[in-house]
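Just one chain follows, in the form predicted alone, and it is written as structure tokens.
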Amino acid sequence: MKNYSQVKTLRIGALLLGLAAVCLSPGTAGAAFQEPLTNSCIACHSDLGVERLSRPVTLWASSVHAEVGNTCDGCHGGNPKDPTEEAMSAANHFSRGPKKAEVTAFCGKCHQELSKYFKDSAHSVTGTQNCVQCHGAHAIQRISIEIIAPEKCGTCHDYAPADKLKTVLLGLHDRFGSSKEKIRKIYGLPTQPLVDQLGNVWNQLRQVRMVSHTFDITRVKKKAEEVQAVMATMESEIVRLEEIEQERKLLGWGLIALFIVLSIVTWWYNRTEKKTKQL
């Protein structure tokens, strides 16, 4: 019995040692407890005492690029894993930043379609503007119609053409938002086809926003009309479902009213019958 207990203890000990070896092996424990790698670009520039060199990191931290995980190397190249100055070497394809004439192509490495449309614009052809004049260089925010404003567009030329462009875009967005809200409020009816169509409309609406980078109001209006035609079909279906929903509601209230009336009639009849029997 004593030998059996000793053998059992040894087996349990061996099992525990085996589990410990698996848990602490480089392939498991190392992966589980490894500290996240530090981005050397952000770490180094954040600590620099020269504002010209540290400010880009501060601006970037509030940008959509930071939000989606695009760090310094996404635009400037370099090796963010190298803590030495070699991170900014030519071997690591580091670029300090494009010249004014190169900005559109530089941003177009990721934003190809927007870059293509912008190259067709008067801003690009004349070389007076590029992406950063409207969107910024480091504190880049999500695309917003509100970027079209007198303080940006009215400094170089009359604001009226830009205001027309903004009106077209706002009209489409408001109409899209209204349809989306109406679909959300429809209950008890098959709305999935409308939801799918709404997604299609959104993709087409994005195309209008893309084309708006040409700043050609005629071209933008033509694209907007295509979207409005699709929206009109979708809105007709929304109206149809709303009418069905309203008819069902009226029918439901009618049935409730009928039930109440029948209940009152039944109560009155039973009461009358009871009085008649008492007489």
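Note that residue numbering follows the sequence shown and begins at 1. These figures come from a predicted structure and were not determined experimentally.
Just so it is clear, the following notes concern the form predicted in complex with a small molecule, a form of the same protein that is not shown.
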Original post:
Just to confirm, Pro83 within 4.5 Å of the small molecule in the predicted complex by heavy atoms?
Top reply: yes
**OP:** Consider Gly199 of the chain shown here, and say whether it contacts the small molecule in the predicted complex, taking contact as heavy atoms within 4.5 Å.
**Re:** no
Original post:
Is His157 close enough to the small molecule in the predicted complex to count, meaning some heavy atom within 4.5 Å?
Top reply: yes
Subject >> Proximity of Arg209 to the small molecule in the predicted complex, heavy atoms at 4.5 Å >> reply: yes
**OP:** For the three residues Gly171, Lys182 and Val195, verify that every one has a non-hydrogen atom within 4.5 Å of the small molecule in the predicted complex; reply yes or no.
**Re:** no
**OP:** Let me know the one among Val227, Met234, Cys44, Leu241 whose heavy atoms come within 4.5 Å of the small molecule in the predicted complex, would you?
**Re:** Cys44
